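Shown next as structure tokens: one chain only, the form predicted on its own.
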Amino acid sequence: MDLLAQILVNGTLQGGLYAVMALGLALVWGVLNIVNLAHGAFIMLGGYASWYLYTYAHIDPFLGLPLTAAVMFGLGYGLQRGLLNLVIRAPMFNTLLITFGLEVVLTYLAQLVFSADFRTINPPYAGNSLAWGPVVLPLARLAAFGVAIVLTVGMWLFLLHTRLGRAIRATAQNLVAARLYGVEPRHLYAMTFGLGIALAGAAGTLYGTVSQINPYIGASLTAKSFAISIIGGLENPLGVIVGGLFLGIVESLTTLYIGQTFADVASFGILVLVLIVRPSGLLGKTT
């Protein structure tokens, strides 16, 4: 029973990280109708940015997270205005190709700059943990979980209660009506993509504190984020939390009872099941 409790806690902590990883992808997909195949590569770049800040500027990864997010926001905004905006009204296949090309370019640029070696962000408290009865809570994972939940709930509140957030939701629902109310789509699309990439950069920071980073982790992180977005639903940021926590717990239980090899099999098996039973996601609206 103690082992099961530990596995459930580990799955919950991992699920919080999954949620913030998927949030940026779900935001861009829901508003711009772009399935960003380079999303995992941006998470990887965020991890490297935080590793660089910690290694050479001695900035704690959690304290440096706003700086990393700001840099990634600027990168995302520039890429959307200068590149993706050219194909924003093109068929989805075109955007899939261009974001796949971005993923390849970013991966090989990261390899060129950082080499293919594994990197870790190891602040002094990385090995510390808290005991809660028979359950051990690794301090770094607990902090990453807390930040992930704050970011996800913060994004939900931002979309609901700020002028920019309401404009983003209005554009996603009806572009023509949003234009009539004075929304400038090109700027709004760039802001949305920038926010998505900023969230990816923040997720990369959190990922780097609990796992190893290298230039080739992007593809698997994109696939995981895609699965969580579908499982939770694109219409509600809280659905991403539910999808991330659900997937994290399922993977932990699968690892315990079947084996680590089958964790990804279980994840994408659930994705297929959700697509069959509830295509709009666990918290999506049914028609």
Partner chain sequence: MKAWQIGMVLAALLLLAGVPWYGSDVLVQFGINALLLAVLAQGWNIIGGYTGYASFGNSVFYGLGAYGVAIAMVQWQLPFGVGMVFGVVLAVVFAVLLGIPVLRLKGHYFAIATLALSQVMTAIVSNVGLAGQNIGLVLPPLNNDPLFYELSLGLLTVATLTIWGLTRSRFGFGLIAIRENEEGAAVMGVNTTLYKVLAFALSGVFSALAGGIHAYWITFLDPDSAFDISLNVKMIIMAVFGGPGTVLGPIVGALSLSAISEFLSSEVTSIAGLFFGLVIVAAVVLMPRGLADMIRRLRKTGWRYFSENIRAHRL
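The model shown is predicted, which means the values in this text are computed figures rather than measured ones. Residue numbers count along the first chain shown, from 1.
There is another form of the same protein, the form predicted in complex with its partner chain; it is not shown, and what comes next is about it.
The stretch in contact with its partner chain in the model of the complex, judged by heavy atoms within 4.5 Å, is 30 to 38, chosen from 64 to 72, 46 to 54, 238 to 246, 30 to 38. Though its partner chain is absent from this view, in the model of the complex it lies within 4.5 Å of a heavy atom of just one residue from A131, L83, V150, L160, which is L83. F114 falls outside the set of residues with a heavy atom inside 4.5 Å of its partner chain in the model of the complex.
Not displayed here, its partner chain is kept clear of G154 by more than 4.5 Å at the level of heavy atoms in the model of the complex. In the model of the complex, its partner chain lies within 4.5 Å of some heavy atom of N94. In the model of the complex, V250 stays away from its partner chain, with no heavy atom inside 4.5 Å. For the stretch 92 to 124, the set of residues having any non-hydrogen atom within 4.5 angstroms of its partner chain in the model of the complex comprises M92, F93, N94, L96, L97, I98, F100, G101, L102, V104, V105, Y108, L109, Q111, L112, in sequence order.
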